[in-house]
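What follows is a single chain, given as structure tokens, in the form predicted on its own.
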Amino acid sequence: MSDQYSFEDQGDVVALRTAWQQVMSRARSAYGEVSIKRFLGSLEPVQFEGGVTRFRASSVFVAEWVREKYGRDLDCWMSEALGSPVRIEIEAEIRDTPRVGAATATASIRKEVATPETPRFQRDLRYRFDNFIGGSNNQLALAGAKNVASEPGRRFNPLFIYGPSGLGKTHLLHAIANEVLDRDPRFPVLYINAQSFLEQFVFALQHGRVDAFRRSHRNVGMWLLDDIQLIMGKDKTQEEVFHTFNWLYQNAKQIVLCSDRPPRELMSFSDRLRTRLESGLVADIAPPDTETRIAILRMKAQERQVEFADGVDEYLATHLAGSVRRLEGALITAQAEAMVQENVITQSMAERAVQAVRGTVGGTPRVDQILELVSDFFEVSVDELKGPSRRAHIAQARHIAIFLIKQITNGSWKQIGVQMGHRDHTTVLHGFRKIHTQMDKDRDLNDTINKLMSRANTL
């Protein structure tokens, strides 16, 4: 905004601009320089008439953002500066013919941020809201995801979804993206796994392309980051995630993150990053109950054009709790056999499929298996690991066992406490934190933990 008035300026407009300078001074103190630079500083005073002050914004997005976030304060401050009650109205400078409702804001965001450097999102149409089975185990996460898809950047920002592997977190991320892109195919969406984010960032550091890397993650309207727990212990990558998060949030871009644990249990993350992750809606996905598992099986069977003999779907749902991937694995195994018998899965086929899935190497190890592994490695009995002994080598082995159980099974602290000899949950949390802290300082311990994790994954 120019401070120089022309001879054509009428008295009311001059008064408006003078008052606006006073309001900007108060806003700078209240909100900081970033908000002034990105939002308020771009407003242009246009008219002061009949108790209404009109301003022009550079886009629909800026107009709506200022109205929602700063509108009440601006009305109050402008009234004080002008000496009478006034109301602020902000109009967007429309370049294209706008669409109605939420699509208008969507178009505005897309127009502002889409650049040749914005990564293309590879859609996976298998994952949609209409084939995601909702239940008591995922009700909040599903509701949050649908709200985010309908109004990106407006509600539940950020959205943080957590839960064990194989329960549908990635499905929801893709469903959000597909819903948004069905409405506006040019909306700039970026989905990325945290491991890929780390690898891209390291490549950018090595080849002097950090600025291009940042543009590719910030020139988007929606940022979907999966498996954020994979960057635990990667300080520079966490710092980059922190700054990317801040930039997107301050510009009202939608952020959705997924993890196998809640933010408070991302132990090596800085407090300021964990605080950001907890600042929106945090929703968990738990293992589905039997009825939900039956519904999932029936839907997937319909998609695969296979049928169950009477009671077979209930048998599979009852004998394969936990991950939805295990259910799908059993269904695929049984269908391979059923193809020669008119695509009907019988009880005997289901029993063989359950046995095959349960015997698959690479499934989540049981707690007793992890305890046996630690017992053999440190030559300490399982009873001693669970017992009350405070001898240094037994206590250290016990803490390592707790650390491994938490990392591998993602059980609650209360569950782990019961499994470790009915210990209080604060005791097991202390053991976990102790090992985590030591790993940062002791390379040998870090190597030992990694070795045990590798062995556990083969159980």
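In this text the structure is predicted, and so the values were computed from the model without any measurement. Just count from 1 along the sequence shown to find any residue number.
FYI, the form predicted in complex with ligand ADP isn't displayed, but the following is about it.
| task | Identify, from the list Gly144, Gly280, Pro188, Pro164, the residue with a heavy atom within 4.5 Å of ligand ADP in the predicted bound form. | result | Of the candidates Gly144, Gly280, Pro188, Pro164, Pro164 is the one lying within 4.5 Å of ligand ADP in the predicted bound form.
| query | Among Gln139, Asn131, Asn343, Thr318, which has at least one heavy atom within 4.5 Å of ligand ADP in the predicted bound form? | reply | Contact residue from the list: Asn131.
| message | Given the stretches 367 to 375, 296 to 304, 271 to 279, 244 to 252, which is the single one in contact with ligand ADP in the predicted bound form, using a heavy atom cutoff of 4.5 Å? | response | In short, 296 to 304.
| query | in the predicted bound form, do Glu265, Leu404 and Thr409 all reach within 4.5 Å of ligand ADP through at least one heavy atom apiece? | reply | No: none of Glu265, Leu404 and Thr409 comes within 4.5 Å of ligand ADP in the predicted bound form.
| is_contact(Glu328, ligand ADP) in the predicted bound form, heavy atom dist at most 4.5 Å | Looking in the predicted bound form, residue contacts with ligand ADP include Glu328, since a heavy atom lies within 4.5 Å.
| message | I'd like to know whether Gly168 contacts ligand ADP in the predicted bound form, with contact meaning heavy atoms within 4.5 angstroms. | response | Close contact exists here: in the predicted bound form, Gly168 approaches ligand ADP to within 4.5 Å, heavy atoms only.
| task | Check whether Val324 has any heavy atom within 4.5 Å of a heavy atom of ligand ADP in the predicted bound form, and answer yes or no. | result | Judged by the heavy-atom cut-off of 4.5 Å, Val324 is in contact with ligand ADP in the predicted bound form.
| query | Might Phe201 be said to contact ligand ADP in the predicted bound form, defining contact as any heavy atom within 4.5 Å? | reply | Close contact is absent here: in the predicted bound form, Phe201 is far from ligand ADP, nothing within 4.5 Å, heavy atoms only.
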